[in-house]
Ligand SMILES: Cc1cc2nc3c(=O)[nH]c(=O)nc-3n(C[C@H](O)[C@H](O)[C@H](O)COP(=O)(O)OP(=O)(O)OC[C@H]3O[C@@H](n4cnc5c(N)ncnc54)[C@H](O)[C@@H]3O)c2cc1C
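The chain below stands alone and is given as structure tokens, in the form predicted on its own.
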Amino acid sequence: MFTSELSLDQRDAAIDSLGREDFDVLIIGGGVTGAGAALDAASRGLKVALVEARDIASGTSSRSSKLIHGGLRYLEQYDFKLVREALHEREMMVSSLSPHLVKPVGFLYPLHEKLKDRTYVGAGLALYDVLRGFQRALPWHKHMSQKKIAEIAPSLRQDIVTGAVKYYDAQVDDARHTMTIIRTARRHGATIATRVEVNQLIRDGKRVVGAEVVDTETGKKIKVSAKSVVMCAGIWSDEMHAKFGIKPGYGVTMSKGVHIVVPGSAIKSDTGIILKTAISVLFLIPWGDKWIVGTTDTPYDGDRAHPHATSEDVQYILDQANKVLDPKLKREEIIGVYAGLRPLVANAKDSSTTKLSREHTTDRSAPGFVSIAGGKYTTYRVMGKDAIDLAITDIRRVVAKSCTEKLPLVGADGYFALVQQRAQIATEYGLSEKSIEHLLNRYGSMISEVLDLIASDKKLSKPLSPDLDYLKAEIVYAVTHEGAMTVDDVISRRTRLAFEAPHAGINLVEEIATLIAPYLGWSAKDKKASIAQYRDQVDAEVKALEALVKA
């Protein structure tokens, strides 16, 4: 308790704890929902353990649109409850819970029929603003003329765009945010163990009293005792229920969301853009010196571990974006494609994914066993609270109410003051103000831990690459404090070099492996194997991308 560090030593201690301690709650799944549940349980004073079969946020929670938003399109479905809830969460994240990670981002909603569109869209966005309540972390929407749009978004076609309404949502590095929630849970006493897979549940009669897990690094089997097991398995829910022999009160339908990444030069705009399509909406999202464009919403029944985009997915995104862009986006400009899977609660197997609710469902399908599915990334905190509210049925003692609404994530404390002190910090550590700003927006007040690494080894103050903002210290920190155990963990999730760096960061692999090897106790063989695993992964993705671009 009181330390948020995730390291190799911490993992070893967690593995040991799993087998010898009795837990109130065992959480299965290290995505954002599991992270939220772990934090909620730990902050109530419960003894909690979280196990994740792979890496933190290795599934859907690292492949989202990277937006914290109310879901503007859900207003058309009259899902006001979901929108209000999500907007409330967005306001808290931007203002108090995680301001170092969740940042406001503006979007233009282009208008085509001047009077009709302006009235309809304006009314919708006014309602969107009203539903967030009395908190006002983000600006109110405003109407813009065609002339103004030509100045701030030259890429929007002037022949069909008669104006726009600008409104605000927020964006986040989803994998980093999920990892930070888990670090916060760790700070409040949670036991965290990645690369630990659940084999089966342990029962006492009809009651679930724990689970048998296996450390996939060593093959060691461990029996974990817990009063309640909470499964936050997302798209794996149906498979896990079947594996455990449990019949849930719901099913999960997978919806695929594909995004493309293009260079910043491909779209000339000072702000994001949102487009209404026949079946959903499309976002053009600024991300550093690049754009993320998506998403799709189509049924999926393929490989859960490796969802893939099709040529049709990419063409759909291009077609929708190009309706308003001049010049148009071209396939050959695409520098990255990624696909994520939404776990939607389904009442019938043939439900259309575009009509399924984004609200979540909690289910206690056996004494001592709770599961949760559905929901939106933005409402992770509410989902975690609801799962633990149901789980305490089996704890059989008075348990405190959830306090996560008032619990900032690690790094949030003192963030705003540190931003104002960035010039002094830069001078003290011999770094540029830009580097300090970059570090503050990734670590918040935990910047001190990164700077301590630099103070002990000045070489770590150097950029990993001249054209990237990441410092070498951040690569080491990913292993010493953030639980990274492979080259892929560092490149794909602790940083976002997998789609921010040229060629998925392949030219940086050797140096990254060299930086982290001593802290992971790697032999030359271990280092070579981790590099090879990432290279093979990228080779497969490059071939898939080439096929999509040439299609």
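Everything numeric in this text was worked out from a predicted model, so none of it was measured. Numbers follow the displayed sequence, beginning with 1.
One more form of this protein should be noted, the form predicted together with the ligand, which is absent from this view; the next part is about it.
- Residue contact with the ligand in the model of the complex: Gly483 places no heavy atom within 4.5 Å of it.
- Among heavy atoms of Ala517, none comes within 4.5 Å of the ligand in the model of the complex.
- Using a 4.5 angstroms limit between non-hydrogen atoms, Cys232 touches the ligand in the model of the complex.
- In the model of the complex, Arg63 approaches the ligand with a heavy atom inside 4.5 Å.
- With the partner left out here, the ligand still marks one of 372-380, 402-410, 110-118, 143-151 in the model of the complex; by a 4.5 Å heavy atom cut-off that stretch is 372-380.
- None of Arg442, Lys227, His259, Arg186 but one reaches within 4.5 angstroms of the ligand in the model of the complex through a heavy atom, and that residue is His259.
- Screening Arg176, Lys166, Arg90, Arg342 for any heavy atom within 4.5 Å of the ligand in the model of the complex leaves a single hit, Arg342.
- Contact annotation for the candidate site: Gly30, Thr33 and Leu67 all lie close to the ligand in the model of the complex (heavy atom within 4.5 Å).
- Residues are counted as partner-facing when one of their heavy atoms sits within 4.5 Å of the ligand in the model of the complex; in 185-221 these are Val196, Glu197, Val198, in sequence order.
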